[in-house]
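The chain that follows stands alone, in the form predicted alone, written as structure tokens.
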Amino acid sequence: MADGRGTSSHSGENLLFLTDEQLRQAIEAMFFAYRGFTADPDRILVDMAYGRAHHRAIHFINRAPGTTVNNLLGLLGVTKQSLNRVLRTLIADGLVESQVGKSDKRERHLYLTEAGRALEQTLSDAQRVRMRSAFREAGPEAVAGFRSVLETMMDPEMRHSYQRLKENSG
């Protein structure tokens, strides 16, 4: 019997036969979920005159301390001009430190300062509360399925970057 979400509760039928309407509903759910996922950090950042680009830069610098500007450009998928504007602000505000590369003086390696780590913790805590609650309510099978769907939606290059981050985090 179908459970109303396009799955079968007894036959193991997969989701390969979703209707356009079911896919539209999934797309809309993704839009609204993203809005909820970003709402808590947005409220924190607005008082600092920061946006999501600042949040993403802080997040990935925290995940990969010492990352280069070029690596961050690839992870964020933004223009060099846009990233430089974000980094200049974060550096001027004492949240990010830029160090010249030891082997290649043209490289700049990025690190969060103590204040940057504190802000990152606050932003991540807000998102973890929301994710933990949703994961707990959905259950372990839904969590595994959600992760699988997200990873499958990534472009191959982004999936590779994501896998590297996961491997480097232990």
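The structure presented is a predicted model; accordingly, all values stated were derived computationally and were not measured. Position 1 is the first residue in the sequence shown; the rest follow in order.
Not pictured, yet referred to below: the form predicted in complex with the DNA.
Partner contacts here mean any heavy atom within 4.5 Å of the DNA in the model of the complex, and among 126 to 134, 22 to 30, 139 to 147, 105 to 113 they occur only in 105 to 113. With respect to the DNA in the model of the complex, the three residues 51, 54 and 85 uniformly fall within 4.5 angstroms at the level of their nearest heavy atom.
Put simply, residue 39 is far from the DNA in the model of the complex: not one heavy atom of it is within 4.5 Å. The DNA is not shown here, and in the model of the complex it never comes within 4.5 Å of any heavy atom of residue 121. Put simply, residue 69 is close to the DNA in the model of the complex: some heavy atom of it is within 4.5 Å. Within this chain, residue 94 is remote from the site of the DNA in the model of the complex, having no heavy atom within 4.5 Å. Contacts to the DNA in the model of the complex (heavy atom within 4.5 Å) from stretch 58 to 83: 68, 69, 70, 77, 78, 79, 80, 81, 82.
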